[in-house]
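We begin with a single chain expressed as structure tokens, specifically the form predicted alone.
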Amino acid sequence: MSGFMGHEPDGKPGQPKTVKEWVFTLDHKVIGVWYLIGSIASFVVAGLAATAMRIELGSVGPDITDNGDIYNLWLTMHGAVMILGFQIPALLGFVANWAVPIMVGGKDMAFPRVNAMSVWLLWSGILLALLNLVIPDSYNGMWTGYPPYSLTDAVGNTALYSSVVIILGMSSVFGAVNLACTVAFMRCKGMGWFQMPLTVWCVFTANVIQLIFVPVLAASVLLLSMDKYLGFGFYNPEVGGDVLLYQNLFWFYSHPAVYVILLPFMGILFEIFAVSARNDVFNYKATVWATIAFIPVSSDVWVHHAYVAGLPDWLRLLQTFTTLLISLPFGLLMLSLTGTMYRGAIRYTGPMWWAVGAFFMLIIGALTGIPNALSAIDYGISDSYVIMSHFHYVMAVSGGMAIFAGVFFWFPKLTGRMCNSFMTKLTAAGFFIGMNIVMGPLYFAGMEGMPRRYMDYQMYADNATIVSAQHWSTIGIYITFVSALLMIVVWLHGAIAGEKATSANPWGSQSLEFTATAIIPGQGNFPTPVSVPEGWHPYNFIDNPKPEFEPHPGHTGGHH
């Protein structure tokens, strides 16, 4: 079987052959590839912005620029593009589109045309965001868009910011409706809710959160532009508005958005851990319920982003409790990941190296998140490097490593070829070491009082801890940059000249995308409609019954 996306059951090529076919495709797998390409392109742009900032901070005084607007542009592009252009599209775009329909035994998404519209809305938003690099009044108000600064002329084009957020939000909402319907109504015969892979559960739950909270974000940035360009006063205190209204609306979405990213990437880790350890997921049903618990609990924690904004004590106390409460479902997921590896026959494949790296990054980020939840402690470290490092560990770095683990894991199904195992492990080790050197020292700089978002630290030039931390962090970004660049080279080499996959299931998974499809799934995914027999489970590695297929039309007899 040849071709990028395989063949249909009757032998008709399933690979798009023209630009028109690629652009107007309705195949969920090709759309998933479009999401992946867009997210990796966004990762490159956001990574370059991060590298530029880190070089600028390598020593006291200007290194690349002394223009604060340029530095703010890098900061804005890094945060907005990394979250809205890389992580969310990679997880709720690529994983949700390419993997989930096959994992539940569906032939496509529930609404293929809506699916195509979602991906092109994403690309429209990405291209619009990239215009920020070339337009004369580029927006530099960070990814949060806080007023009153975002209402001034100094911030640049606030309308561009609002438009990008709303377009990407529309893409997310359409995709979330599609994914939820696919999981609810297109599972194959025999697959119950508690027979779905945890990747599916995590992506499904994340999309439910998106459906609930994305409209709040869209409304908040729309009101922002209405204030600035039409003279409304929602956030302007001079006419009766309140800047804290925006902060509350923004984080009412954006903290649940942490779990929109966290849950899918933990779903990837569950898949890779279970397959690599050849173990059933520890406490599977409790893990599913813990995943679902993020829907209500995630809505009650946003105020901890405003502890220092003049809130009453009773509200800070309540939000301290709800923030700590979310550690319960999260702790269950981490316990389940650990238990899945316990006494397993672990094979440290290339994807497993990336997954283990993500797991340890997540542990560091989670442990440093507990004190951040306490308002008494947060008072002293708010808006410092401590908060920035915690956020990067718990979501940015661990999430990125999990996404890359997923790409390596499903790479043979995407291309029909294998990535070089040694180079995959080398890039994982380099990225892990580099990012720990980048982020680890900055915890200590934050404890010394270094504020986030500053382009220089002349006022701390006599603080050896801060200066040393900034220096080491910049060394770490060079290691990370080389590792990330090498990773992309490994992907390109694997796709073009990598060793051909000789099995449709090179990792020994029990999930349908490996056990019921060809090396590269064709259009419609399965040769004929698939079903799973009684007793089948995606994490049964001992005596799991095989998936079954309906006979071809015109054929008689049993399954084949």
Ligand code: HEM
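Note that the structure is a prediction, hence the values are computed from the model and not measured. The numbering used is simple: start at 1 and walk along the sequence shown.
What comes next is about the form predicted together with protoporphyrin IX containing FE, which is not displayed.
Chemist: According to a 4.5 angstroms non-hydrogen atom cut-off, is Leu332 in contact with protoporphyrin IX containing FE in the model of the complex?
Modeler: No, Leu332 is distant from the partner.
Chemist: Taking the shortest heavy atom distance, is Asn207 within 4.5 Å of protoporphyrin IX containing FE in the model of the complex?
Modeler: Close contact is absent here: in the model of the complex, Asn207 is far from protoporphyrin IX containing FE, nothing within 4.5 Å, heavy atoms only.
Chemist: In the model of the complex, is there a heavy atom of protoporphyrin IX containing FE that lies within 4.5 Å of any heavy atom of Gly430, even though the partner is absent here?
Modeler: Flag for Gly430 set to no.
Chemist: With a cut-off of 4.5 Å between heavy atoms, is Arg453 one of the residues that contacts protoporphyrin IX containing FE in the model of the complex?
Modeler: Yes, Arg453 lies within 4.5 Å of protoporphyrin IX containing FE in the model of the complex.
Chemist: Just to confirm the contact call: exactly one of 317 to 325, 135 to 143, 485 to 493, 156 to 164 touches protoporphyrin IX containing FE in the model of the complex at a 4.5 Å heavy atom cutoff, so which is it?
Modeler: Correct option: 135 to 143.
Chemist: Given that protoporphyrin IX containing FE is left out here, which of Val303, Met352, Val221, Met439 has a heavy atom within 4.5 Å of it in the model of the complex?
Modeler: The option sitting close enough to the partner is Met439.
Chemist: May I ask you to choose, among Phe391, Trp120, Tyr457, Tyr149, the residue with a heavy atom within 4.5 Å of protoporphyrin IX containing FE in the model of the complex?
Modeler: Exactly one residue meets the criterion: Phe391.
Chemist: For a quick check, can you give me the residues of 84 to 107 that have a heavy atom within 4.5 Å of protoporphyrin IX containing FE in the model of the complex?
Modeler: Counting only heavy atoms within 4.5 Å of protoporphyrin IX containing FE in the model of the complex, the contacting residues of 84 to 107 are Phe86, Gln87.
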